[in-house]
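One chain comes next, on its own, written as structure tokens: the form predicted alone.
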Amino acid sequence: MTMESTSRLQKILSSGEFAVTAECGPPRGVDPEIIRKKGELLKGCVDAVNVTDNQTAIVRMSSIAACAHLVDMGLEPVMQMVTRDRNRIALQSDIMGAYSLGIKNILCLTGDHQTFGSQPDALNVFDIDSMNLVRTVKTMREEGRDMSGFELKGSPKMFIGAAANPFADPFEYRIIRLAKKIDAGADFIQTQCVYNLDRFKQWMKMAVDEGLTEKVHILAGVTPMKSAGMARYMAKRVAGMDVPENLIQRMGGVAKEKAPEEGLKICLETIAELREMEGVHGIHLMAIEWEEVVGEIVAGAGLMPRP
């Protein structure tokens, strides 16, 4: 295969630059223009674009197809892959197919349970979990073999990502789980949205003290809030999310039309603090269906131009 195997994201992180990735959800339909429009908004201001895999268990255009559209535009995708929907045969097949289309980054996830989505009666698969998926991609990449030991004709040289949630309980287990994902083969980690900076600092200190930040690149998740209602919803209804009361009050303390502006201010303040933290190698911007502010955030944070 003549394809350059090292991803741009991998090169940026390996060189010690502060990386910026963003998220892009595929449409609930077949129109590629929706992906292209989002891609155009992100072009030039991020190093790679995460493409979700039927997020919140709602049927959408496949992550592989949406990633292929971004590759055609000259953008670098991070293909999210969940273990909810496919068994190990389909997962390995899709990994090889994705790499053949020029997709060089993968984020291995378990996936939201189907009961939370639009088709709760669907059967789940969960043949393997996200930890096994990380290990599988690493084995395919390093050993050139699939899970059955079959030698591949060309292996997927993917840059492997996993997710971490520093805010779930029990807190002490969060670092153990991070260490396990690194041992399984994760090259980079993208975290849950950071609002509680004190708790995140504590988690990062533990990761640094354990030497984990020497082995993996950590990108802190950042999501700008549009309204006080959004802040309250995330605090009360989204599992594993930690939104401090003072932020909810701050969002509620401004006029409704000023709330998005306040949300962007909080976002920029958070990024400034994250950049000062030892072991944080970048940010992952999740401006869900608000991609038009990503460029403004990256510029406002002093992270332009991208390398």
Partner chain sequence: MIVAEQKPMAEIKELVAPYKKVLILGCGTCVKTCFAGGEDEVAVMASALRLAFKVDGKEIHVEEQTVERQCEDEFIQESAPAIARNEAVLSLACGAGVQAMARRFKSTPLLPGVNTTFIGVLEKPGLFTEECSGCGDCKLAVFGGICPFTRCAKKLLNGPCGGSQNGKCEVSAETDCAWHLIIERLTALGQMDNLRTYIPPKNWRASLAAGPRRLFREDHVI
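Keep in mind that this is a model prediction, so the values were computed, not measured. Positions refer to the first chain, counted from 1.
Another form exists, predicted together with its partner chain; not displayed. Remarks below refer to it.
Its partner chain is not shown here, but in the predicted bound form it comes within 4.5 Å of a heavy atom of M241. Contact annotation for P224: none of its heavy atoms lies within 4.5 Å of its partner chain in the predicted bound form. Y233 falls outside the set of residues with a heavy atom inside 4.5 Å of its partner chain in the predicted bound form.
Its partner chain in the predicted bound form is approached by P170, whose closest heavy atom lies within 4.5 angstroms of it. Of the stretches 225 to 233, 95 to 103, 125 to 133, 151 to 159, only 125 to 133 has residues with a heavy atom within 4.5 Å of its partner chain in the predicted bound form. Not one of Q190, T270 and R275 is positioned with any heavy atom within 4.5 Å of its partner chain in the predicted bound form. Residue R177 is the only one of R177, R145, K215, K205 with a heavy atom lying within 4.5 Å of its partner chain in the predicted bound form. For the stretch 105 to 119, the set of residues having any non-hydrogen atom within 4.5 angstroms of its partner chain in the predicted bound form comprises T110, G111, D112, H113, T115, F116, in sequence order.
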